[in-house]
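The chain below stands alone and is given in structure tokens; this is the form predicted on its own.
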Amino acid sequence: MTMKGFSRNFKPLEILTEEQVEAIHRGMLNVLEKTGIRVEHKRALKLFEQNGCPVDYDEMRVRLPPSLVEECLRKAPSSFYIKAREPENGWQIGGNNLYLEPFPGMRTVDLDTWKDRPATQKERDEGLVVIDALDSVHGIGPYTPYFDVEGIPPAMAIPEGIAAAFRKSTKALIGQGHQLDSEIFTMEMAKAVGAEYAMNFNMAPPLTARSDIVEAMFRTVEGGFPVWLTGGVTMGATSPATIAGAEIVNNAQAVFSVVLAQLIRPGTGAVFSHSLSFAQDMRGGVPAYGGIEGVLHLVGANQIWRKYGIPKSAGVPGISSSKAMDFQCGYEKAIGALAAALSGSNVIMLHGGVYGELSWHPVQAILDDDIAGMIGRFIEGIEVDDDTLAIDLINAVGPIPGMYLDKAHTREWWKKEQFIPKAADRLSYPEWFGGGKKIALDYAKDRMEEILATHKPKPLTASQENEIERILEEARAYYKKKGMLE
């Protein structure tokens, strides 16, 4: 059994010609062969050398022959399954399937002042309960979603966050972090509850694989877990300012990660994660979160990675340059998410993110759930058969005074054809004006209170809870020995 996400029922959007796709692909192969990747990990350097790659140990540089790249791309599966702690919530990633998950934020944000601050552990848990309750959240993304939580030292942020996610939700965990050797403990937790997750690997642009990320790759792949591969470039800063040039750098980094995963363990499931690629706003020197250039980059990347036959994730839609839950935040996220879905993303990181990776809030996740539901309904397309064409009904009703409100066909079909938002205002003007003039943000706040009052996630069993706590104690002892905990 798998989690029911959405299915795209029409041909994906394409913005590049076949010649343009091939030119970017050849450029990526050229960069990997001539310039290569800096790999700060001796074991990985030896593995590449053993597989026919020229290796410069002094510069820690690996150059990849095109034949090896093509071979490893073929070995990566086009679809694979990720287990959740409840079997019916597992994901089958690939094909025309689309799942949605939250975008992470380091901190929470005050809804009155829009000031960011560390979340409390209660707020973290409440955020997870809301995520577990939302219809169009199919899994839990990185950092669950907060990284900066009061009372939790940075060294324990990921282990404590993963433990909280398993305690507060039965949904799949997707794209989790690896910092500070945390995968040693989080993989144990997943196995303890009968689940797995895809480990998120962020290359250091341009064209560099740090020692810690490579070590985490070895541990993850050898442990039998799939990988979530992020190129992550800033156009004009860590890649060329041109979208085509940025595609080459971004793809070279992610393809390198595919190659490494397949050399470690052929057949390892891999997802190309277009998560952190934006244009540099040259006026202020920060990435242009929500910019249309990042969306173009995403859509082009989706088309190229369809050629490789590897599942695709989109993180660009999950954040905005706005600091508040306002019109700008809504349109920047909605445009990116719709473009991602139309162009073939299998996963979209959307719910809850506000500004950059800095701020997150469950009220925003509730607003985003309406966006997700509308997009899901759109990509399902239009059903055309004898029943939906309704020719006999049309002929029976005829012209005025004929009507359709009282017909069985309408009662049967209107809920199937329409998506009903839960945080949007669809009242008539007199009803709205006389009923408090609530806007979507007000409805989302009300819904959060309702969810927290009524939704009870399925808890871990006693043995699972004991095992999670034992692993957390191991992690605390590990980081204390390293001098990272008092």
Partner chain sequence: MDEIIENLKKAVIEYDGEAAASWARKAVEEGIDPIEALDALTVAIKQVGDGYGRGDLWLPDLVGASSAMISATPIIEEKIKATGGKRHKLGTIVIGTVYGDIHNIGKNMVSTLALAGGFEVIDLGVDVAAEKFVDAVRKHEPQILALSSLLTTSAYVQKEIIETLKKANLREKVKIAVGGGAITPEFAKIIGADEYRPTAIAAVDLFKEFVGVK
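Source: prediction; values computed, not measured. Numbering follows the first chain given and starts at 1.
Form predicted together with the partner chain: not shown, discussed below.
Practice task
Go through 326 to 334, 292 to 300, 143 to 151, 127 to 135 and give me the stretch that gets within 4.5 Å of the partner chain in the predicted complex, heavy atoms only.
Solution key: It is the stretch 143 to 151.
Problem - The single option of M403, M282, A396, I382 touching the partner chain in the predicted complex, heavy atom within 4.5 Å - result: Only one listed residue qualifies here, and that residue is M282.
Exercise for the section: Could you tell me which one of L342, L358, M374, I243 places a heavy atom within 4.5 Å of the partner chain in the predicted complex? Expected result: Selected option: L358.
Exercise for the section: Indicate whether Q179 is a 4.5 Å heavy atom neighbour of the partner chain in the predicted complex. Expected result: Yes, Q179 is a contact residue.
Problem - Non-hydrogen atom contact R107 with the partner chain in the predicted complex at 4.5 angstroms - result: Residue-level check for R107: yes, a contact with the partner chain.
Problem - 4.5 angstroms heavy atom contact with the partner chain in the predicted complex for A204 - result: Looking in the predicted complex, residue contacts with the partner chain include A204, since a heavy atom lies within 4.5 Å.
Exercise for the section: Using the partner position in the predicted complex, report whether R210 sits within 4.5 Å of the partner chain, counting heavy atoms only. Expected result: So R210 counts as contacting the partner chain.
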